Ligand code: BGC
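As a starting point, one isolated chain is supplied in structure tokens, in the form predicted alone.
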Amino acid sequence: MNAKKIRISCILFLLCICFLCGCEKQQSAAKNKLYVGITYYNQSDTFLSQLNICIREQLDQLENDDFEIIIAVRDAAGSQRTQDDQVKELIDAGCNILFVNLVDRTDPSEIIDIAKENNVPIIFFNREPVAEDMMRWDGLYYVGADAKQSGTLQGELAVDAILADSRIDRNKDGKIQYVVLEGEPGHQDAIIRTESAVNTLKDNGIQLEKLGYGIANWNRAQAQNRMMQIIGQHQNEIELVLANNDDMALGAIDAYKKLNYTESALPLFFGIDGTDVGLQAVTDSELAGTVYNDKEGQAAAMAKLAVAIISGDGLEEIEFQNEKYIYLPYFKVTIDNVDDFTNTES
């Protein structure tokens, strides 16, 4: 009887060992799987569609035999409620980290709450939440760029062009008559881009007269329609167009083309983002310049951060601002250096 009890005890002991080993293997397997859920405010945005490609490429490069990476992408199509539901769905599907491009940067509460409840870290990107929301949990991060820098660089591009060519002031009144095409009403980056661009021009001694202002929601077609209205009001008076992104700058150019303006009657156009179509417009001398938003650098930073968070390896090597933020610099692009930013493989 004692021998039988000993055998049973040995069997139970071995079963416990096997069970514990199995749990350890499952934990190891879970630790070595990165399941990324990505939700965009609107994938029809030209810059974001190109950023999405870069994110996928960077994550694919980090996958290996010991680290599996799965990606699920959702498009909120401009609805915060839809995005909230998408985050729930992605977490329920097993995502262990989220990349969130907020629809409404002032309303991330539901997303943060459900992520915190399920212990799923969030890397916000491109559309920065307010600082108070970022402090609600230590599992929140942001990767993007400094909106003020983009506006400052756009302003510097305009300053350089105006000082280099007196013909830009076509009516010779000592002022530059300008128009602004802004991204979204009340959007932090749009406001900052506009203010810093205009202030940079003024700080460099450029006398300005504002003729018009239009909200075009980062959209080329909306910018064309808005610009046609402004042209109708001011005809040949406009000498400079400052747009918060390349698509809106190109929409402004489209308006002039549709109205059959001659090249000599066109104002200067400046964009921001350095999208493929924006860079091509600089190459073709349609855009006087743009400001390159480093989508490759941002994608690489997001991928590296995600792997470090889930694997627990390398997080201490990442350089943060205020422990949560990673900012990539912008770069000025003109006809003189556009080839440095053009993808030569395409």
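Since the model is a prediction, treat every value here as computed from it, not as a measurement. Just count from 1 along the sequence shown to find any residue number.
As for the form predicted together with ligand BGC, it is not shown, yet the points below apply to it.
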Exercise. Is N126 a contact residue for ligand BGC in the predicted complex, using a 4.5 Å heavy atom cut-off?
Worked result: yes
Exercise. Is there any non-hydrogen atom of W218 lying within 4.5 Å of ligand BGC in the predicted complex?
Worked result: yes
For this session: Using a 4.5 Å heavy atom cut-off, state whether Y35 contacts ligand BGC in the predicted complex.
Result: no
Exercise. Heavy atoms within 4.5 Å of ligand BGC in the predicted complex: does D189 have any?
Worked result: yes
For this session: Select, from the options 276-284, 39-47, 307-315, 60-68, the stretch whose residues sit within 4.5 angstroms of ligand BGC in the predicted complex by heavy atom distance.
Result: 39-47
